[in-house]
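Two separate entries follow, structure 1 and structure 2, each one form of the same protein chain as C-alpha cells.
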Structure 1
Amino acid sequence: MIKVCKFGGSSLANAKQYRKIKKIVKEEEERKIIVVSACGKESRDDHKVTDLLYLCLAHKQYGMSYDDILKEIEDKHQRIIKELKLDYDIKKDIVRIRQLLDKKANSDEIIAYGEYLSARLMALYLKADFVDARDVICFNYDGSLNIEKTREKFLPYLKSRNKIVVPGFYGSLPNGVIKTMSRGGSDITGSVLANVVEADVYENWTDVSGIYVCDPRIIRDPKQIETITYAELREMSYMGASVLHDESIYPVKEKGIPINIRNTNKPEDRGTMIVAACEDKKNIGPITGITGKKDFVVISIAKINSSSEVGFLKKILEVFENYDVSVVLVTTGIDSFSIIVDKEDVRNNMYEIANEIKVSLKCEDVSLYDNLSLVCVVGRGMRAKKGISGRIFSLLGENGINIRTISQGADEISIIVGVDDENYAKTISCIYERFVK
C-alpha cells in the first residue's frame, strides 16, 4: 500500500504547520511520497512565497529594487529553520535567486524556488530523501506532461526505504530547462506521481476539511461533500471551485486512484473522497455542488439565416483561434450565437475581435457584454430527477435574477447559467438555500 500526500501552501506557512505535517506523515507507513507547495500565508495579510517571487520579477522588469522582497522570503524560511533547528544555509539560495534575477535568467527557474525551498526544508525535518522535481517531472516541448518518462525517472527512487519529498509545481523540459505549471500546480505534481507509482490513494492536504457544496467565501459554513465523482469534480473545478487544480484529476482518473481531500489542521476529519463512481445507496439529492466564476465576456452574433449557412460557427471560432483565445462556452439560438470567454483573455483585443467577426462573417449585428458570471450547478443526481433545470430557472426568476445564458451538457451532470456579475453571490445562495439546505 502506498499513498502520495500533497501539502498545500498554508500547510507549510510556519514551523507549527511543519510539525503538524510530521505528525500526519509519521502516523502511517504508507504515506511514502510527500509533495509540497511553496510556503503560504500565515495570516490574511501575509504573502505567499510564490507571489513574492513573481513580485521580484515584476520589480526587476520595471527596474525597481527587489531587496526587501528577497529579505522577506529569506526571513520566512529562516524562522522555520531556526525554530525547527534545521541545518540549512538559506543565504546561498537567496544569492542564487538574486543571480538569476540579475542575469534575466529563465523566470520559471526563479518562480520554482518557492517549492524547491519548502521541499529541502521538509526533507531535512522529516529525515526523508529529497528528490528534485527537475530530475523526475518531465514535460514535452509543447508543455504537456510526459507521464511515461516521469515514471521511468521516478521509479528508481522508490527503492529507498525512506520517505521521499518532492517539490510540486515544476519539472523540466527535455533539454533540462526548468518549467513551472499554472498556478496551484502542485496538485498536478501529486496526481502525476500517484499515477506513476500506482498509489492506492492520493491524499491532498489543505486548509479545509474537504470540498464544500459551495465556496465557503460565499456561503458561511456550507455543507461538506462526502463523496464526489471525478466527472462532477472536474466540472466543479473547471468552473471555479479552486480547492483542487482542474488538471490534477486526469492523471489519477486514468488509474482509478481515489483522491482524498484532507485538512492539515484537523487531521481527524475524514474529508472528501473523489472516486470514479458512487454506488449511491443512500437517496442522494439532485445537487452535489454549486460553483462559478465572475468576469466573463459574451460576444453575441446574430445574422438572418446563419443557421443554414454551412461553416458559420466554425468561421466565428476561427477568429478566436487566430487571437489565441480559448472559448469557455458557446450557446446558440436559431440565428444567433453567443461566445463566452474569460475577460482576462480578451482584455486588450475585445473590440478588435468583434470587428473581425463583423468583417469576416459579413454580419452587422455583433454585440459585447462584459459583465457576466457563470454559475455551474453540478450533480450526478440530476439525471434521475425530472425538472431540476426548470425549477432553477423559476427560482432565479422569483428572486429577480435575469438569466442571460443557459447551457446543459449532454451527460446531464451540470447546468450552467449566466447572470450579471452583481447577481453572482445571490444566485449561488438562492440555489443553495432551495436545493441543498
Structure 2
Amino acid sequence: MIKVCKFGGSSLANAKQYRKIKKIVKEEEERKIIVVSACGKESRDDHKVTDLLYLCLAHKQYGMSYDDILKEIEDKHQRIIKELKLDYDIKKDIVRIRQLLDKKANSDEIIAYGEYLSARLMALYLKADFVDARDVICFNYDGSLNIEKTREKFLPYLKSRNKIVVPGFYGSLPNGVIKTMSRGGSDITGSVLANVVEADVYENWTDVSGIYVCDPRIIRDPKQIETITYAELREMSYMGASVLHDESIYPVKEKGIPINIRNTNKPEDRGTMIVAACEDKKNIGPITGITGKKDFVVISIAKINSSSEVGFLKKILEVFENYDVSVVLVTTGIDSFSIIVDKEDVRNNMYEIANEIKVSLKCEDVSLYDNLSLVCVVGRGMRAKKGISGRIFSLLGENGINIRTISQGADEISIIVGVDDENYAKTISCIYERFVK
C-alpha cells in the first residue's frame, strides 16, 4: 500500500509545523511519498515565501533593491534550520537566487525556489530521499503535463526503502527549463505522483479538517462533508470552493484514487474523503454543498426568431472568444440568451462587447447587468428527491430574494441560481438553514 501526502504552505510555516509533519509521516509506513509547498505564513503579519519571491521579481523589474526581501527569506528558513538542528547552508541558495535575479533568468526557476527549499529541509529532517521535481515532473512544450514521461522518470525512485520528498508546484520542459504551475499547483504535483505510482490514497494535508458544506465566513461552524464524489467537488470548486486546485482532480480520478483532505493541526480528524462514487446511500441528504461567487456580469440578448437561426448562439460566443473572455454560464429562452461572465474579465470592454453583439448580429435588445452572484447547490442526493429545485425557488421567494437566472444540468447534480450581489450571503444562509441544518 502506498499513500502520497501533500502538505500545504501553512503546514510548513515554522519548525513546530515541521515536527507535526514528521509525526504524521512516521505514524504510517504507507506514507511513502511526501510533496511539499513553499513555506507559508507563520502569522497574519508574516509573508509566504512564494509571495516574497514574486516581490523580488517586481523589485528587479523596477530597478529597486530586493536585499531586504532576500534577507527575510533567508531568516525564515534559518529559524527552521536552527530549531530543528539541520545541517544545511541556506546562504548558498540565497546567493543562487540573487544570481538568477541579476542575470534576469527564467522567472519560473526563481519562483520554484520556495518549494525547493522546503523539500530540501523536509528531506533532511525526515532522513528521506530528496527528489527534485525538475528531474521527474515533465511538461510538454505546450505547457501540458506529460504523465507518461513523469511515470518513466519517477518510478525508479520507488526502489528506495526510504521515504521520498518532492517539491511541488514545478517541473521541467523537454529542454530542461523549469516551468511552474498556477498558484496552488503543489496539489497537482501530488495528484500526478499518486497517478504515477497508482497510490491507494492521496492525502492532502492543510489547515482545515476537510471540506465544509459552505463557506465558514458566511455560516458559523458549518457541517463538514464526510464523503463527496469527484463530480460534486468539481462543481463546487468551479463555483468558488477553494480546498483543492481544480486541475488536481483529473489525475487521481483517472485511476479511481480517493483523496483524503486532512488537517495537519488536528491529525486525529478523519477529514473528507473524495471518491469516484458513493455507494452508501443511507442518511444522504439532497444537498452535499453550497458554494458560489460574487461579481458576475449578465449580457442579455433578445432577437425575434433567433431560435430558428442556425448558428446564432455560436456567433454570440465567437464575439466573447474574439475578446478572449471565458463564458461562465449560458441560459436560454425561446428567442433570448443570457451570457454570464466574470466581471473582472470584461471590466474594460463590456460595453464594446454588448455593442458588437447588437450591431453585428442585428439584435433588437442587448442589456447589461453587472451585480450578479451565482450560488451553486450541489448534491448527488438531489436525483432521488423530487421537487428540490422548486423548494429552493419557493424558499428564496419567501425570503424576498429575486432569482435572475436559473441553470440545472440533466445529471441533476447541481442547481445554479443567479441573485443580486447584495443577496449572496443571504441566499446561502437560507438554503443552509432549510436543507442542511
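Numbers given to residues start at 1 and step along the sequence of structure 1. The term rigid core refers to the maximal set of C-alpha atoms that superpose within 1.5 Å between the two forms. These numbers were taken from a predicted model, which means no experiment stands behind them.
**Message:** Please identify the form predicted alone: structure 1 or structure 2?
**Reply:** Here the form predicted alone corresponds to structure 2.
**Prompt:** Can a Cα shift of no less than 2 Å be assigned to residue 84 between the two structures, given superposition on the rigid core?
**Reply:** The answer is no; the displacement is under 2 Å.
**Large Cα move at residue 373 between the two structures, threshold 2 Å, rigid core** = Moves: yes, 2 Å or greater.
**Request:** Superpose the two forms on their rigid core, then report whether the C-alpha of residue 9 is displaced by 2 angstroms or more between the two structures.
**Result:** No, because once the rigid core is superposed, the C-alpha of residue 9 moves less than 2 Å between the two structures.
**Prompt:** Once you lay the two forms on top of each other by their rigid core, how far has the C-alpha of residue 309 moved between the two structures, in Å?
**Reply:** After core superposition, the C-alpha of residue 309 moves 3.0 Å between the two structures.
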